[in-house]
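One chain comes next, on its own, written as C-alpha cells: the form predicted on its own.
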Amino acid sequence: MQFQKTAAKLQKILRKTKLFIMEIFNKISIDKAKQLISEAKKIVLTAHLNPDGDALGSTLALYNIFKSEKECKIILPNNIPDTFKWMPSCNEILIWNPSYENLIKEADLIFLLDFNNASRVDKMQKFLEESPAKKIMIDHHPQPQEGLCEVYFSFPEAAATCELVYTFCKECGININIEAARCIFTGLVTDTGCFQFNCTGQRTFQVASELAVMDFDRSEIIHHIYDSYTEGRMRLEGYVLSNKMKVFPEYHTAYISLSLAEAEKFGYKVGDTEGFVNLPLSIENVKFSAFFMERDGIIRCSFRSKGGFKVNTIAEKYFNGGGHDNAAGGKSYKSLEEVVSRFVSLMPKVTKELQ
C-alpha cells in the first residue's frame, strides 16, 4: 500500500514537472514565433499533399489574417477538392509548379501546417528544405522532423491543426477575423468528424465554443462540407458499399478497395472519396477499417479504428506511412491487388487484440 502511494505521488510530481517544462517550452516558442512574424515581410504558407479540411483551414486561416499586413502566399503541392472551394480566399491558393521556386527561396518565413515531415509536400520537398527562410511548424502529427524548423508548435494530443492555429494566434496576440474563424471551424469539423471522434477533447470544444460567439453561419459550413456532393459522388459511395466493401467479422475488420478506372466511371474528382474509410466503422463490431485506392500511379492507403486499437503502427510498419492512433495513412508502389492481398494476409496477425 505504501509503495502504491509513493508511486502515485511520484507520477503526480512527474506530471507537474512535465507540464511546467511544457509551459516554459511553449513560452519560448511563442516568443520566438512572435519575433519571426514581426520581422517577416514575405510569408509562405503550405500544407500536405492532397489537402483536407484541416490542412486548408489552417493555411487559409493564417492567410486571411496575414494578407492585409504582409506579402503572403499559399503554395500547395496539388489541387484541392471542390468541396472546399467555397472557403474564404481559396481562389488565391497557388498550386505548385517550378515557377514558384523563387517564392519559397525569397520568403522570410514559411509556415508548415498540418504535416510533420517535408516529404509530405511531395515535389516541393527539396525547395522547402533548402530555403533559407525561417520556418514554423504548427501540427498535430507525432514525431515531427527534427532540424527543419526554428519553432515547433507540435501537439499530437490536439484533435486538429486548426485547434492549434487558434491557440497559436491567441498566444501570439493575433486577432482572428471572421474569415479566419470560418476556416478554423472547418478544420475542427472535418478532423473530428463533426466532434464524434475520440481525438475530440475538452480543448477542442472550448475552441469551438469561443468561435461560436463570432458572427458566421456554422450550418452553412456543415452544408458545404457534407451536403453538396455531386450525383456521381453519391453513386460512387453506393457502388463501393455494395460491391467493394469486404467485411471480416472474425477480425472485427473491413476494407474497401477502388481502382482509378472504377472511380472514373462515376466522374471522379479529387476529394470524392474523402470519408470512405470511415464507412465500415458504422457496422456493429467493426473496429478497424481500411481504404485502398489507386491514384497518381500509386496505391493510397487509409486506416481508421475505434477505441485503443492503434493503426499508425500498422501504417508505419507495413505501408510506408504513419499518423495518429486512430487515423493513419500510407502508400505502396505495388498493384492494388497485391496491396489488398497483403492486407488480408496480415489481418490475423495485426488484429489479435480485437479478436
Ligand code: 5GP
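Position 1 is the first residue in the sequence shown; the rest follow in order. What you are looking at is a predicted structure, and each value in this text was computed from that prediction instead of being measured.
This next part talks about the form predicted in complex with this ligand, which is not shown.
Although this ligand is omitted here, in the predicted bound form all of R300, G321 and K331 have a heavy atom within 4.5 Å of it. Listed stretches are 282 to 290, 63 to 71, 322 to 330, 39 to 47; the contact stretch with this ligand in the predicted bound form is 322 to 330, by a heavy atom cutoff of 4.5 Å. The contact with this ligand in the predicted bound form, taken as any heavy atom within 4.5 Å, belongs to R120 out of R120, R233, K135, H252. Contacts between 140 to 178 and this ligand, taken as any heavy atom within 4.5 Å in the predicted bound form, involve only H141.
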